[in-house]
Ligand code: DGJ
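We begin with a single chain expressed as C-alpha cells, specifically the form predicted alone.
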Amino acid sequence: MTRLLNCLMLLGVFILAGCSASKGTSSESDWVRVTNGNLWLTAGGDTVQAHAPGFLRLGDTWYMVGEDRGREWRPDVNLYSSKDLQHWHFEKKIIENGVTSPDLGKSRMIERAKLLYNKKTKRFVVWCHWESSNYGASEAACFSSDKIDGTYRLEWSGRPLGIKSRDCNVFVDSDGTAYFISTTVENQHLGLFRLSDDYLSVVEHTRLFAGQRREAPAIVKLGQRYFMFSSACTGWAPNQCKLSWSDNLKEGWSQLENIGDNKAFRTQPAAILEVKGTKDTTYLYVGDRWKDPNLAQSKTIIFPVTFTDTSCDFRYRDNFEINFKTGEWREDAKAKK
C-alpha cells in the first residue's frame, strides 16, 4: 500500500509539473504573421477606417481609434478591437460629426485622435487635433467616457495655454503622468504639454526642438530613457523620419538622427507599441502611408524596431511574425523559403 501511495504521489508531481510547463510555453499557432502594404479589413470585409491611429491595450485586447476618412474632410473617430493587430472588429463611432459636438463637421474637424485611460478616475480620454478647414484654428480638444466603447463627451477645446497647436500625440510616463505633445506656432516647434491629474486639461508647457519644424511625434520609454520619432512638415508627402533621445522629457534631447530611408518607407509616425510578453518585449513602429492612393485608402504600416543605447534599427519589412504571448518576433518564415 505504501508503495502504491508513493507511486500515485510521484505521478501527481509529474502531472502538476507538466501543467505548469504548459502554462509558460507557447506553440507555433501563437505566432501571427503580419503583412504590410494592404488595406486592413474587418472580419466582414469592410475597410478599417482608423487613420493616424492611437492605441490602448487592455488585457490581451488592443483597442485602436483613428480618423474615418470615408468622408475625407469630415472624419468621424472610429473604435476597433483586435487580439493580434491583424484581425479587427469594428466597435463603434465614438466621436461623430454633428452628434458628439455641433461644431464637428461644420467649423471643426478632428485629426490624430489618441486614446488614454486614467487609472485614478477610471475614465477613457481622447485627445486630438481640433481644426478648421483652412488649418487656421490650430487647436486641440479632449473627450472622455466612462467606458471605452461608451458615449464620449467634449470636455474642452481651444489652443492649449493659448498656444497654436496642430499635429499631435500623447504619452503616459511610468508614474502615470500624461502628456499631450504637438507641433506649435505655425509648425515651428514641438510643445510638450503636461496634463492635469484627470487628463482633461493642460497645466504646463515646455518647448522642444525650437525652430526645427517637426511634427507627428511619437514617444516611447525604455528603462529611464525616452526616444522620440518625428517627421518634417511636408504636408501629406513622406519625408525622412528622425530619432532623438533623452533621459529627461523636458530637456537634454539629443540631436535629430536620420533613421531608415529618406522617406521613412513612405510613412509618417503614428505610434510606438510595446508588446511585453513572458520572454521578451518587442516594440512596433506604426506609421501612416498617406494618400495611397487617396486619403480613404491610406495604409497602416507596422514593423518591429530594435533599440540600442542611443539609436534603433529602423527597418521596413513586408512581412514578419510576432508572438503576443511571449513578446518575441522573428523574420517571416514563409519569406525565407
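Worth saying up front: this structure is predicted, and the values here are computed from it rather than measured. From 1 onward, residues are counted along the sequence shown.
The same protein has a further form, the form predicted in complex with the named molecule, not shown here; the description that follows concerns it.
In the predicted complex, at least one heavy atom of G235 sits within 4.5 Å of the named molecule. Within 4.5 Å of any heavy atom of the named molecule in the predicted complex lies no heavy atom of D76. Of the heavy atoms in Q268, some are within 4.5 Å of the named molecule in the predicted complex.
The closest heavy atom approach of K114 to the named molecule in the predicted complex falls outside 4.5 Å. Exactly one of the stretches 147-155, 106-114, 78-86, 120-128 approaches the named molecule in the predicted complex with heavy atoms within 4.5 Å, and it is 106-114. Taking a 4.5 Å heavy atom cutoff to the named molecule in the predicted complex, the one contacting residue in 200-218 is E215.
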